[in-house]
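Just the one chain here, laid out as structure tokens, in the form predicted alone.
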């Protein structure tokens, strides 16, 4: 095994870690408005990295990823509202339930490919919505309101840790032996199987990791919102935003989800104040344009047309 050092980590990972380190150092001195913006940006980035594990690395498009985000939120709400746990423990509960659910769902749906997997993923999210409506312990159709107080520093450092772990795992996967198998699955799954790649196991592991972190990010999102309500929690919009971020930033890359999160979140906030109601239309048009003319996203395009950056960003 190659020994890790600053030199072997690579400039992209070091740059992301430096960025996160600066944010952690100055979070306590940020104006509240700026800190809130940064917290939401980190939540978006965590969601982008979560879906990048399955869609970005394997090409399996998940339209139902909002399910895991919602389960993370309901896990938080149940842990805090019913079990009277600290919100951080509630976030952990939601993440673990999302992990278990992803293992169960993935064992079935990952047998499908292409559009069939995409449809199956959306159906599971829809099923989750109707199940929640019938479970009174989860608030039914009324949702759950939490009295957890205003804790922006706790929100920040919780999502900061989640995102940092995601970045580290993404780097470990893409630079280790797993990365070779995953790339072969994305290129040609049948051919990968013929050379001994355990495609089913790899996909299930990635789907489980993806669900785990989507649940964790969802827990922080609804902790910040002091409650969760089913119509919002299971909205397809969240899945589309997650997909938009990795398409724009660069699917399967280390830096792409962060670039995509910045592009989507900041532009959505701008349009919310300038062109209310048009933010998703414009983001959708941007995704289509990038998919047609810049299919490798921001990171892939920079690597392709700026040779000096090929060894610097990934």
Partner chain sequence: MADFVALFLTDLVLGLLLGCVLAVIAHGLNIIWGVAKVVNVAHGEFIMLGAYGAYFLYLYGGFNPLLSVPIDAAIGLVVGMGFYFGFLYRELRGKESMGLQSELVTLVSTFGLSLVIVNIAQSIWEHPVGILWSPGAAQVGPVPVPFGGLYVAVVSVALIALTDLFLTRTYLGNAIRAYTQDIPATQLMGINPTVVAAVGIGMGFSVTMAGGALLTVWLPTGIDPTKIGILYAPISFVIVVLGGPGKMWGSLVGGLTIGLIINVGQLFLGGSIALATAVAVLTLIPILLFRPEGILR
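Just so you know, these numbers come straight off a predicted model, no measurement behind them. Positions refer to the first chain, counted from 1.
Although it is not shown, the form predicted in complex with its partner chain is what the next lines describe.
Residues of just one listed stretch (166 to 174, 205 to 213, 89 to 97, 233 to 241) have heavy atoms within 4.5 Å of its partner chain in the model of the complex: 233 to 241. Shown here without its partner, the chain carries 20, 24 and 46, none of which come within 4.5 Å of its partner chain in the model of the complex through any heavy atom.
In the model of the complex, its partner chain sits within 4.5 Å of a heavy atom of residue 111.
For the chain shown alone, residue 120 is a contact residue for its partner chain in the model of the complex, at least one non-hydrogen atom being within 4.5 angstroms. When its partner chain is considered in the model of the complex, residue 180 lies well away from it, no heavy atom lying within 4.5 Å.
The closest heavy atom approach of residue 284 to its partner chain in the model of the complex falls within 4.5 Å. Of the residues in 112 to 141, those that come within 4.5 Å of its partner chain in the model of the complex through at least one heavy atom are, in sequence order, 112, 114, 115, 116, 118, 119, 120, 122, 123, 124, 126, 127, 130, 131, 133, 134.
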